[in-house]
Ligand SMILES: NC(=O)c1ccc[n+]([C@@H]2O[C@H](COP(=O)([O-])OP(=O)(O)OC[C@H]3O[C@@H](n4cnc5c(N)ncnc54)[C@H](OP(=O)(O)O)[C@@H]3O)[C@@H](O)[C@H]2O)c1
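First, one chain by itself: the form predicted alone, in structure tokens.
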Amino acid sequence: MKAVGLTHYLPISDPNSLFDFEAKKPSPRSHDLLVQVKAISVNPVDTKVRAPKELVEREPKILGWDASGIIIAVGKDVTLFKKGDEVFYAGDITRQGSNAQFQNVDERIVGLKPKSLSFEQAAALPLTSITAYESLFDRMKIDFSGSDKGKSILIIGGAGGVGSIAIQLAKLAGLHVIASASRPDTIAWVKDLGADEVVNHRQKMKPQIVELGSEYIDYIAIFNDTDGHWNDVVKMIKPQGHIVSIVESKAPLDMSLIRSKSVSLSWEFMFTRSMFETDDMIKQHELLNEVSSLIDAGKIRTTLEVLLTPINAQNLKKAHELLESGRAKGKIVIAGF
């Protein structure tokens, strides 16, 4: 099968950073679905895994943690799907990724593709939807059914892939959504997705929040630069509020700044359930099906912004370069082999 991989961890500008190669078509294990990949999406995790380091792979490593496709075979213990089902998923960071014609993925982290979307539109959704959903409803315990209606949330990095979904989900839960964006196009993007107000994360955000009429924010989601925003975040968060971050800190965070407020801090890493095969691993299957239903009901929408074709090393390099530039909004999707 065709695939894109790496053996050395190099800057994306290096001609050997990613390359096309022929790989053996996998066979499904017990709970696996063998999926014929139709479209993929690229996320910051791809660039972080590929980032330069002194490690050489004996066999090419396949990146990619967002895909949509068709099931062509199932493992002996599969109960949730059947051959021919159209699916979408983010996959498991401990296994080979989706930048290949065929991929094995555990059924417990796969959802049925929204019927109203193309494979390209669906591929933009899984990783960001899981991350946003878990951040809001699993980590910060916001009530999706609306009992937290009217509370405020600040989504830092609102125009990114995760922020773009989080804005929509937070609005569905009835929250007052403030999103951060710094350019005219990203400001327009977050407003179009439903943000009630916008602040500029390139400037101090606390004064902007006060100017909007709020002393504190009930919930804050950090979807970019935890280190850079921490001192601002601790000033904005409401006493007994909740912060969630998906971005690892490069230095220890000063917890004393939130202790007196009795503020909760949660980390969100969407691969936790698959990496550790947690008892509730199947929740990712359930939430992807919920997202699929919300899409088909017209309550949220895909965040596909850039579409490239075909799936090959050249286009994956373009996607990595765009993500590393820091100027991407929404999702970058690559379709077809």
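All residue numbers refer to positions in the sequence shown, first residue = 1. Fair warning: this is a prediction, and the values are worked out from it, not measured in the lab.
Keep in mind that the form predicted in complex with the named molecule is missing from the display, and what follows is about it.
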(message) Just checking whether S118 would be counted as a contact of the named molecule in the predicted bound form - the rule being heavy atoms within 4.5 angstroms.
(response) no
(request) May I ask you to state whether K83 is within 4.5 Å of the named molecule in the predicted bound form, using heavy atom distances? (result) no
(request) Report yes if any heavy atom of G161 sits within 4.5 Å of a heavy atom of the named molecule in the predicted bound form; otherwise report no. (result) yes
(message) G157 versus the named molecule, in the predicted bound form: is there a non-hydrogen atom within 4.5 Å?
(response) yes
(request) Among 93 to 101, 143 to 151, 216 to 224, 73 to 81, mark the stretch whose residues have heavy atoms within 4.5 Å of the named molecule in the predicted bound form. (result) 216 to 224
(message) in the predicted bound form, does each of P44, E268 and L323 have a heavy atom within 4.5 Å of the named molecule?
(response) yes
(request) Would you mind picking the one in I109, L136, L127, A195 that has a heavy atom within 4.5 Å of the named molecule in the predicted bound form? (result) L127
(message) Just to be sure I understand the contacts: of K238, K191, H176, R183, which is the one whose heavy atoms reach within 4.5 angstroms of the named molecule in the predicted bound form?
(response) R183
